[in-house]
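Below sits a lone chain in structure tokens, taken as the form predicted on its own.
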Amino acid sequence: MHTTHTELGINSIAELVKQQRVFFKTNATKSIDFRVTQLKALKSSITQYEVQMLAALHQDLGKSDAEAFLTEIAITKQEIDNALKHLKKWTAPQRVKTPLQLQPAQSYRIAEPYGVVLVVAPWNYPIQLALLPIVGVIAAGNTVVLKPSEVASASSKVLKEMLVNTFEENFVAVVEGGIEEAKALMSERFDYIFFTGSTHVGQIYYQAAAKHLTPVTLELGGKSPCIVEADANLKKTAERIIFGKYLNCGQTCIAPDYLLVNQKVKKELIAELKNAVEKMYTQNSATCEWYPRIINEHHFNRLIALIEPEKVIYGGTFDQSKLYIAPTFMDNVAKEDAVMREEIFGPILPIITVDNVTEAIDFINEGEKPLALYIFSKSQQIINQVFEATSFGSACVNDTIIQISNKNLPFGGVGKSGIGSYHGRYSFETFSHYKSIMKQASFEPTSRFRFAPWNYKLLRQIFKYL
């Protein structure tokens, strides 16, 4: 669906939202065939623009083609394929049971699109976290305005070019820019807002949505803990922690933020962690082509300020001219340290020693509810103890990060780590309002009990057996 798009200034954002609302009211987006066509068009465009996307991701974040493809391109195509495969089932009316006293009625739920949706994407996975929600928006039959992150400017530019050349502006539009454009968007009335980013900025969008009682999904962050128990397979544990921590140079919302390590195995685990870093990123990550970079100088300086040299036991080197920070471990970290007061979102791994799992649980529960939680242990009793005593968005046992790639699991946070969830069917449900409907038969045998005048004793007898 090739089209011409206007260059959007602040004054034209209101007109854009109006155009999308007019188009939505034509009911064109509610057609299953229309949704299928648009999803296929999106997948085709991703293939067409893959080379440009990979180049942009390298320019913005120093991502290798392999990492960018794995974490940004492939996962998005899989999401589209899953939606195409199941869309007819998702859109079909959902029958639900009708209580005996309401028989012979039929009850069901029907999914309908909300309307005009705003998707606000972050900079750390600028392609995936822009397009994955859009897949759900389209599948559910909405229109969408995308606000990509201006911080990942190269990726933002490619996203806009691709979507402009794929969709009509009154169906899918892109608004690039910074704070002024964000304010202009927040002043508009959308039917749904989907935001991915920091808790602070998420609160601002939440406040803007409240003015119109607009429903929201907020995908935020937090300090995701990683517990390592004494019975864990330390070699495998180290490999999987390093994978999750240093993917995208630690700039991942569900990266293991800090370790809670049983003191019995700390020394051995640290040795295995060092081995795993050097196995994955060579002995000199500064020259490793698949070790990414920090997004910009602001975040580089923020991260450097979190490093306490006297607590560094591995790494700690950096090069501001290349926005490079080595994989860094810090030991003997205290809760009061700067590195423990905020989400790290970078390649610094604090190590905290605990005597047992109860101590680890208490440490976690003293903070905000995390987006993700990881535990390495062979004991189901210990695993159950952790899960029963803590609250989190998602968890993974004996691995990290990979739970996000399971299309059958909803992804989202709780408390300050987020509101709502998506992925797979849950994306369709997020961007759909379910209408509850009951159809009563013209013949109603229970009407004599329902209408006045009532027989109180008889009613009590009837409901006793329902």
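Just so it is clear, the model here is predicted, and its values are computed rather than measured. One-based numbering along the sequence shown.
There is another form of this protein, the form predicted together with ligand NAD, and it is not shown here; the text below is about that form.
Of the candidate stretches 197-205, 259-267, 326-334, 232-240, only 197-205 has residues with heavy atoms within 4.5 Å of ligand NAD in the predicted bound form. 148 is the sole member of 148, 370, 133, 350 with a non-hydrogen atom within 4.5 Å of ligand NAD in the predicted bound form. A heavy atom within 4.5 Å of ligand NAD in the predicted bound form is found for exactly one of 300, 171, 123, 392: 123. At the 4.5 Å threshold, heavy atoms of residue 428 stay clear of ligand NAD in the predicted bound form, well away from it. Looking at residue 220, you'd find a heavy atom of it within 4.5 angstroms of ligand NAD in the predicted bound form. Using a 4.5 angstroms threshold between heavy atoms, residue 100 stays clear of ligand NAD in the predicted bound form. A residue is said to contact a partner when one of its heavy atoms sits within 4.5 Å of a partner heavy atom; residue 345 meets this definition for ligand NAD in the predicted bound form. For the three residues 190, 210 and 437, a heavy atom within 4.5 Å of ligand NAD turns up in the predicted bound form in no case. For the stretch 248-273, the set of residues having any non-hydrogen atom within 4.5 angstroms of ligand NAD in the predicted bound form comprises only 253.
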